[in-house]
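Consider the single chain below, provided in structure tokens and representing the form predicted alone.
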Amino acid sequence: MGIINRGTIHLTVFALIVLTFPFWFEYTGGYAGLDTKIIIWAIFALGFDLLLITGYLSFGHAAFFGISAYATGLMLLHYSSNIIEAMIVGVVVSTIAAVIIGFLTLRRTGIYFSVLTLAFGEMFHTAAVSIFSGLTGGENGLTGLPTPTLFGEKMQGSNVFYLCAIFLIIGFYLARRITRSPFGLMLKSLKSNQTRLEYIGINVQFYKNSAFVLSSIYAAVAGSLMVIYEPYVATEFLEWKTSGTLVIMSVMGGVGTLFGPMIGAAFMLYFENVASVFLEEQWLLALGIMFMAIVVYLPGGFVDGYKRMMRHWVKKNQA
């Protein structure tokens, strides 16, 4: 009962923080619109963490983000401005792509898996800007999209924020349930010794594919929401830089913690859009220095730093 109550408290606090985000974010120097973008990237990073707990690092996750964004944009442009049909098609198309790519890449591990995902991601990016440029808009991206609607209501401003916030809260709840279930424990065990799991009769390939597809669904939802937030699909959604940014966010926040990647996403976007005003062109240099410092001195990211501070505080008070 205590565990259930504690989990409920965590979810409630998380939901309150997310839903009140626009009210206190402005006091930190943030501005309207950035809060929505942070929420969308938090969904992206949260799903990515479900794959990282298995020990598999993908450098091509932007593919699912971008595929969903393009599919959603094309639905809005050619079919209907209603986001329900557009999001469903975007997520389904991206998930199908994830099933195929996962089947082909998860037969390898380590750096080979990472390079294969990177290759597939770049293949989709190249196809979008060249082969299918007549459909995707090529280098200019997909433009001229109508304002998305939901049950006749235009999705702009706070409407988009609360839609994204609901998806993040639901996604966080599901991620917690997954990681704390027997299925989630099996995903975590993949990082330790897959050979031993196979010897005891565990279908390792099934769990690897499941983690990969689950992670891609979160990426697909984030990609669709990005198009609703800003009715435009940029080619950079499919670029390797997007995948690289996602990896940096996860490492800075804390891999395998669920909270960590979301915190890393918020920090990076805030740093890029707010702190960079004071640092001007040197903001990337400052970010690189911080990233190196975290990797060397705080391998567990911000979450690990918080845990260390709490342990120090407890010991100090006990003394």
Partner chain sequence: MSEMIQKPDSNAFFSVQDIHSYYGESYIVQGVSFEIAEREIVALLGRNGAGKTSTLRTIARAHEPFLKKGKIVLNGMPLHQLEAHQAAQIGVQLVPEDRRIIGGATVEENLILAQIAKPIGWSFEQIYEHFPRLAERRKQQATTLSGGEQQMLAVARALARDLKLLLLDEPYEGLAPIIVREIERILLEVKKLGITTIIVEQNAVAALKLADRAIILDTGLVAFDGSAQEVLDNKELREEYLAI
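All of these numbers come straight from a predicted model, not from anything done at the bench. Numbering follows the first chain given and starts at 1.
Keep in mind the form predicted together with its partner chain is missing from the figure; the text below concerns it.
Its partner chain contact at residue 199 in the model of the complex, heavy atom, 4.5 Å: Yes.
Heavy atom of residue 186 within 4.5 Å of its partner chain in the model of the complex: Yes - in the model of the complex, heavy atoms of residue 186 and its partner chain come within 4.5 Å of each other.
Partner contact for residue 80 in the model of the complex: its partner chain, 4.5 angstroms, heavy atom: Looking in the model of the complex, residue contacts with its partner chain do not include residue 80, since no heavy atom lies within 4.5 Å.
Residue 182 within 4.5 Å of its partner chain in the model of the complex, heavy atoms: So residue 182 counts as contacting its partner chain.
Interface segment, criterion being heavy atoms within 4.5 Å of its partner chain in the model of the complex, picked from 200-208, 69-77, 238-246, 161-169: Partner-contacting stretch among the options: 200-208.
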